[in-house]
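Take a look at the structure tokens below, where one protein chain is shown in two forms, each on its own, as structure 1 and structure 2.
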Structure 1
């Protein structure tokens, strides 16, 4: 990540995304703060049920009832064609005003991305739909751009004339990535895009994402619970639990010296095939229900280092040292 790219691209402030249910509000994202820098690959980690996917759909303004953005800010620094930067709060835009930012500034690779392709349309037609909807590019320019993007993800230009059923799982995934980068967005959000792939294909696609970041200069928000993937791909990582951020730092620092007890438990659960043999112990318990997060620090019922204050007061996310943020009373 080049030094000149260390500028803020997206800032989330006190973000709350809730689901209205008969039993009350399910607070999937609960007072979350996060900053993503331009040009980096930022990894978002945490167990299933921590609110990662809800966070993404909220930023993209794709939440549907009963989900709703209760409060907060999502300050985005969008690039314009004239080279200037436009600062906008994504959460204050109505659907019509949000539309121009999708795909041109923020694109999305959803979970189960291999299943998003239309079976009755050729690959070229599907990606061309994106271009027509979000740009004024001519048909000839669009065809050339589609071919270039397919080659960028390791596919032949001939794939543009194929249907989804003619593609392998890895090829479908690459086509989905090609569609997401076709308009060269500022931010590419990838939600567990390689979960259904074997490890060899996964490794290749992760390398291709790194190459795409370098060639296009875009920012990637990569979401997965797999800490080994973050070790390979991410520049920085944020650890999410119970709708909030527990720790943020350089991926190498978080993996080598995790600060939050939850981060420590995640790192300890990573198998080490080359080191000393040891027993891997899973984190006891489960993520609590967002209908009733525990008072104080939401992690305290599972924490081995709990203090009395942990049951009473929610810790703030504070910068412990340059680049390292942690929300834990052990350090406050």
Structure 2
């Protein structure tokens, strides 16, 4: 896929999402910049606790107290029915004004599908309500569409008539995927949709997601700590640490030649697909607390190649060569 033809879909600028805690603001997402292009699968990687889910709920405008969007922009290029593009800053919208963009333009596969289905409604009803809310499809069309989507994720049409408790974990996750593609949104955000599943199911679901992307031309923001998954799935990856992006580039480039010292440690630690979350070897110290990030580059206390400036100034995310961005003083 030729990058220069791809248009921007979502740009995050200097995004800050904090949790108000008793001991002060916990800066889970801390001055984050990111650009996602139309049509790609963008992989967001990073250790547990680095702020991936917080980032997503922020973009989806689902932050609940104590989390709150402190500042930043999320410029989204929404496609409208007439084929035009509409540019909005999602974070500036009133809560009510966000609604038309939900699911039509941005849909979501949650981190754990265990409890996201309403236990007293049938699967069909829970997908149909979103169709009813955002499109003018007739009931018949909607039913047919739900059946198609279920089949696309490898489920039988009969699942439409079942309740959540009649489904296995993998089936529930597939239902959420089917629900997420039912309106062919511009952007599908998937927050570690496969972590709760066993390796085989995981592999099949990833394959299905790739197929779906081909067929529907979606853009997918795929979040997982698992670099092996990114290797299989993502066109580009962004490496996240301490609430910010450290490095962005084509997946193959980042994996074969990681630039940021943190990415290097991360890539070295890649286990087999679906393997246990392994502690990143060779990194001294613990992940710092978001209550109190280290000054300068947040990674400096654990960095093997630290420079004096790293303690003082936070490095910008800079484009080294086309399509390759790094936030590290070593390259600036």
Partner chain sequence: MFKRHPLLKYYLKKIVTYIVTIWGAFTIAFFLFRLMPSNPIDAWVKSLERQYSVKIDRGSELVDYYKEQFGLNGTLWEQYVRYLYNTFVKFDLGPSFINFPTPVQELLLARLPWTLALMGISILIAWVLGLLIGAAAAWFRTSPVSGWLTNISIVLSQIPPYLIAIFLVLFLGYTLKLFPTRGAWDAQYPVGLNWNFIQSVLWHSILPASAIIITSLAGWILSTRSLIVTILGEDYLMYAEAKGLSPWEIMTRYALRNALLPQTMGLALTMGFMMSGQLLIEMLFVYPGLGELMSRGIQVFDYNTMMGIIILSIFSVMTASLIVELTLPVIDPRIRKEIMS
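We call the rigid core the largest set of C-alpha positions that still match within 1.5 Å between the two forms. Numbering follows the first chain given and starts at 1. Every value quoted in this text rests on a predicted model; they were computed, and no experiment measured them.
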item: Number of the structure representing the form predicted together with the partner chain; value: 2
item: Residue 97: Cα shift of 2 Å or greater between the two structures (core-aligned); value: no
item: Post core alignment: residue 228 C-alpha displaced by 2 Å or more between the two structures; value: no
item: Core-fitted comparison between the two structures - CA shift at residue 120, Å; value: 2.6
